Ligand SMILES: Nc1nc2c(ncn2[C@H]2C[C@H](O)[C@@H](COP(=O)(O)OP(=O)(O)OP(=O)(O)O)O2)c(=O)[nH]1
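Given as structure tokens, the chain that follows is alone and in the form predicted on its own.
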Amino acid sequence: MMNNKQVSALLNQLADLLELKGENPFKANAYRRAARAVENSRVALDELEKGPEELPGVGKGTAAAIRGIMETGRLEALDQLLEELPSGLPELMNIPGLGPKSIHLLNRELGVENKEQLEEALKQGKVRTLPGFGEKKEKKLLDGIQRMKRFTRHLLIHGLTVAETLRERLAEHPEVLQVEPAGSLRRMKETVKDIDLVVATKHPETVAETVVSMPEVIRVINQGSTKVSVLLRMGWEIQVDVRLVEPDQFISALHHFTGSKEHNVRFRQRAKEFGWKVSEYGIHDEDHEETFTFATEEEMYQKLQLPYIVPELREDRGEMDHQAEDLPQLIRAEDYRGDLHMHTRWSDGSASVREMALAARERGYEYIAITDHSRSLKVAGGLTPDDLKRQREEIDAVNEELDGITVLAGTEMDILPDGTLDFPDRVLKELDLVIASIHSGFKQDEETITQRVLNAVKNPYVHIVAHPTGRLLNRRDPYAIDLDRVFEAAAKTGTMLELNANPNRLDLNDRDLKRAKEAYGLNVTINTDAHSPEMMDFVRFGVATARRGWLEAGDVINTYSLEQLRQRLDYIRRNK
């Protein structure tokens, strides 16, 4: 069963495509009104006694569409439009400043059907002559296209989805003895250029033929007995390089192709001290004409009298200069005991407080915090102080009903453009946990934005500053902020900074986390910012990023017991 947010997204997509095609605007607006009503409803669609018609702005036609989505998971009119329209046309909506009506005009007047044709029309000065455009917008669109070209890497979540699917398939192949992802994906970098898989097999040609025959392959780049490269489309296009090696070479190849290049250089330098050379085939002692191969990577590091270094640390950021006892005991997924940033249907989430609590309990968590948006973020259904009181009653009822999980009452409160906070202290003091974050005014100068964040850090009732740099990977650069001043203030006040585990954010990033810990002694909090139970899975990316930042369990407050957490939250308020 699809939730409110998913249904709303399909209705909005249909409205966009209707406008893009140039259909009757009243029809598109009807679907948009219905989408807004569904998203803003604090009651799940399947719990409405009279069905979708019960929602304001939903008529018979749109109600029928909603029922169709709930029954089949699809919207027939949307599928039909996607078939009719040129495939590159909807993608133009990803360009900042270009909406469906503008795209329809470009298509109708200039025949633009994709990004390449639009770029050519912009360069020829054809677009500026159209109504509603002009030279300023023309430049903005060209800048947007160039920006998209810069982002040639894929989000980690997308790379992992493809890699894990391929790994499962190949692992079932009778001629595949071992298969593992390598490259930046294995190191869990926030973005990946392509996917590397290392396969151990005695029959490389057979495995290679299997790879190039997969239905998702749209182009074979290279097919040989040691390497196969293909371009795949699994929701998005991505290159996959499959390395085919002898079984006894598997570990050496896995290490080599995991990288990073910088780490491998240091590894080869270490081997040179023994008079040896390193390649993807093993460690070579040329004087004795011997090649060492290994059953595990641990053995490979031991051969060079090195402590084992996990893939996430292989970036040449000091890991090769430490003794085993000095390397961090990195945080593990099983250390995580509760998520302190999530949303429900009270704002822009898709589930109830109870549903989020049940999902957290199922994951083995001790606690969660419900932190719906504050009143100024109207686009996300932000809560008023009265809403917070009513939500607290619901949270209390859930705590009364459910054993094994504690729900804290909180808010994700906007830091407004003028530097003030969206709720007064008298409201904040009634909450168990307060998050402050920026959702507007991203283009302000560094001093202004830094001061806005410092105001929140120094507020006696703010416990956490969420996604502190405001970036969206592949979409929006970080805003201008002096993180060192923020780190320094957080160290003095005890306020925690967030590693937002949403794979579109991963903010703070790994380098900032390492600096926050080593230079300022900060603890952080890893939260998913979940808007549905399924999004709690994002904790995987947060933990991986924390590991890349050299964080141990003690550096992350989500590893605390509920009692320890309450003590820490109380300390922050008393310390300011």
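Just so you know, these numbers come straight off a predicted model, no measurement behind them. Note that residue numbering begins at 1 and tracks the sequence as displayed.
The next section is about a form of this same protein that is not shown, the form predicted together with the ligand.
- A heavy atom within 4.5 Å of the ligand in the model of the complex is found for exactly one of Gly381, Gly338, Gly183, Pro503: Gly183.
- Of the residues given (Arg187, His467, His343, His463), Arg187 alone sits with a heavy atom within 4.5 Å of the ligand in the model of the complex.
- With the partner left out here, the ligand still marks one of 354 to 362, 487 to 495, 189 to 197, 90 to 98 in the model of the complex; by a 4.5 Å heavy atom cut-off that stretch is 189 to 197.
- Gly419 falls outside the set of residues with a heavy atom inside 4.5 Å of the ligand in the model of the complex.
- Among residues of the shown chain, Arg153 is one whose heavy atoms approach the ligand to within 4.5 Å in the model of the complex.
- Mapping the unseen interface onto this chain, Asn264 counts among the residues with a heavy atom inside 4.5 Å of the ligand in the model of the complex.
- Put simply, Phe257 is close to the ligand in the model of the complex: some heavy atom of it is within 4.5 Å.
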